[in-house]
Structures are given as structure tokens and as C-alpha cells.
Ligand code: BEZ
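Only one chain is given next, in C-alpha cells, and it is the form predicted alone.
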Amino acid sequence: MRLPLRLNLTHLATATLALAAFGAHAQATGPVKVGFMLPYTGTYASLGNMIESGFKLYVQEQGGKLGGREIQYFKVDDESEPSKATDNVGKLIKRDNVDVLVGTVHSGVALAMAKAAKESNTLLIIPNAGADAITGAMCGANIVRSSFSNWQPAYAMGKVAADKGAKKAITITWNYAAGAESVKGFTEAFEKGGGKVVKDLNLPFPGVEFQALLTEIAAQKPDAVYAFFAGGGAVKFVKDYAAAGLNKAIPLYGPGFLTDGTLEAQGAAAQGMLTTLHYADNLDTPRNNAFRKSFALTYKSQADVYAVQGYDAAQILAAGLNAVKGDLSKRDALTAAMRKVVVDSPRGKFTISPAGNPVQDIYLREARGNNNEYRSIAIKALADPARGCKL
């Protein structure tokens, strides 16, 4: 029997509404889309892989779900290239429609990510890049960092160097945002403690031709050198510094990135070096010991600070999703919970500042073998000043 046209249309409308309701329900209970924008090639490739591994380890430990929802991953190699950052982050936001961005290592790339996240109101968790502005003038309710600001470990090392009696220091780094901010943080604390930075040396990123700059350091004869490098650049700088014989006469200091994930490659050149960071490999706590065991069993490699930061990025996301039972539409409650969490991290428990940056202990560590070993707390519960943040 043929139904009247009006009845057909009524049935069609009802069916359409039912399908729409089903689609909305599926979307609310389907997977949370997490987009990794990390370096998978180049100088920082090993860092990007460790961050991803740490993040996935925490999710795995929760049975593959956060806030009751499966996690679906998308990946883009950011190549540590700021000029490609806007296009790359657009692939995750517009093409893949991710719910959460996780990235990155390079501060210049992260600044572009933060801008895109603010414009699209996409959640962004930063598992490494320390650009001060991200939790300073560019802060936003949808942006949280699980790592540090460039100012934090640098300021702590400036205090350590001054406390050790150094009066004259030279800084050296790549000519880019992270390097400049790290040097600024070191200088602030060092000069506050009575020292003086007499020269700032730099070279283009990711250059590793250090010889002329090392010759200049030797001629200046400072009491200390503060260096900011990471990854492959850190390996070559530390080895070149030792090869020039400078490590015997002038202590080399830096934030932990100088020796984290690089000690094996640096070998004897790095032994005895002091660095400051929010993590030390041999922190003898049940939380850290369990984390390192789990990581080693899962990935057949030793965890480092980058793995910790990825792991804690997932913990912060979990706090938000758990608070709203996985309902991403409850954005205000989700972001508030991400800021209220006390993160039970392998580095030690830490809180999140109103600007979205960790308030955390900064440790003094010494390179021994392939570990950055804990020596003391350089500064307890150090909060970034978040200069310019207005929420």
C-alpha cells in the first residue's frame, strides 16, 4: 500500500531526527581525538618520540580510556620549523578535527600553535616548549603546559651559579626564542645574586659550528659558562667544550636539556656537569620508580624528562575529562579541572598556576654515567612570573 506523500515526509523527518540524535550521541561517546604535533625528524626527533611514548603510556595504564572515552591519535611532524607551523597545526585542527592538540618541543613552533589554538578555541597541552609568552602574554583558558617555562630552570641555575661564588659569566645558545629566554632567566637570578653576565654568544639554529665561540670563551676566561642547547646540538657542544679543554678550567652550567637524553652520546665529556631541571633520573620515590619500570618494560628504553612531560600531559587531560565524564561540551568545567589538578608526577607532585604553568621543584642534578642524578632542590615550588598574562 502506498502511503500519502505527507505521511512519507513525516516518516522521513522522524528518521532524519533519529539519525541526527544517534550521530550526536555517537560523537559525545566516541573517541577523543588527540593530535600530536611533534618533531619526528631532525635535531629534536628523539624528544618528540619520548613525549608521545610517555603520553601513550599513561593512557595505556588507564585501560586505553580517559574520562570513559577511547583515545584516537593523529600525528603531524612539525620538523621544528616555525615557518611551517601554521599549515601543520591547520592539518590537525581543520583536516582531522582534533579535540586536543599536544605539542611541541620548539618554542617558535609552539607560539604558532598557541595562536592557532586560541583562534579556534582548541584545547592545547604543551609537553615541552618553554616559551615564556605561552603562559605569559599569550595565556588562555584553553592552554596548559605540563613541562616548564624557559625562565624556570634557567633562573634556578642562575641562583646556583651565584651561590657557588661565580662573579663573571658568559652565556651561549642558539639564536631563537627558547635560547634568548633561557639566557634572560639565568641572567636575572645570577645578577640578583651578585654576578655579572659579560657576554651573550649565539649562533643560528640548529647550527653546531662552535669553534670560534669556544675560542672567544677561552680568551674571556669567565668564572662560568651557561649554555642552552638540546638534542643533537647539546651532544656536539658538550663534546666540543671538553675537547677544547675548557671543562677543566671553566665550569659549564645549563638547564637540564643540555644533558637529558644526551648523556650516553656525550660520554666522558659530560661527566660531573651540573644542571637544573624539574626532574632527575634517580629520584627515589615509589611514583618515579614505578614509572621508570613501566616505561622500560613497554618501550625497552629508559625514560627521561621528555617522557615524563608527555606522561603528565596525559594526566592533566585525564583530570579534565574525568571531571566532566568525557563530555567535551562542558568546556569551562573541563579546563577548570585541568588547572585545579595536583599532578602525581614522577618528578614529584606539582600544581598548575592560574596562567597554566607547572608550579614545581627545580632540582640540581649531576651527570653520573648515563643518569642525571639528584643532588638537591635548587628552588622549591618555583612559579613562573607569568608576565603579561591576563585571563
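So that there is no doubt, residue numbering starts at 1 and follows the sequence shown. What you see is a predicted model, and the numbers here were worked out from it, not measured in a lab.
Another form exists, predicted in complex with the named molecule; not displayed. Remarks below refer to it.
Output flag, Phe36, Leu124 and Tyr311 jointly within 4.5 Å of the named molecule in the predicted bound form, heavy atom basis
Checking in the predicted bound form: none of Phe36, Leu124 and Tyr311 is within 4.5 Å of the named molecule.
Ala129 within 4.5 Å of the named molecule in the predicted bound form, heavy atoms:
Within the cut-off, so yes.
Is Asn150 one of the residues lying within 4.5 Å of the named molecule in the predicted bound form, judged by heavy atom distances?
Answer yes; at least one heavy atom of Asn150 falls within 4.5 Å of the named molecule in the predicted bound form.
The named molecule contact in the predicted bound form: Tyr44, any heavy atom under 4.5 Å
Looking in the predicted bound form, residue contacts with the named molecule include Tyr44, since a heavy atom lies within 4.5 Å.
Would Tyr73 sit within 4.5 Å of the named molecule in the predicted bound form, counting heavy atoms only?
Although the named molecule is absent here, Tyr73 would stay clear of it in the predicted bound form, with no heavy atoms inside 4.5 Å.
Select from the listed residues Phe228, Tyr279, Tyr155, Phe237 the one whose heavy atoms reach within 4.5 Å of the named molecule in the predicted bound form.
Result of the distance check: Phe228.
In the predicted bound form, which of the listed residues (Thr259, Ser107, Ser146, Thr171) lies with a heavy atom within 4.5 Å of the named molecule?
It is Ser107 that has a heavy atom within 4.5 Å of the partner.
Of these, 113 to 121, 176 to 184, 194 to 202, 280 to 288, which stretch puts a heavy atom within 4.5 angstroms of the named molecule in the predicted bound form?
Every other range fails; the passing one is 176 to 184.
Across 288 to 320, which residues bring a heavy atom to within 4.5 Å of the named molecule in the predicted bound form?
Counting only heavy atoms within 4.5 Å of the named molecule in the predicted bound form, the single contacting residue of 288 to 320 is Tyr306.
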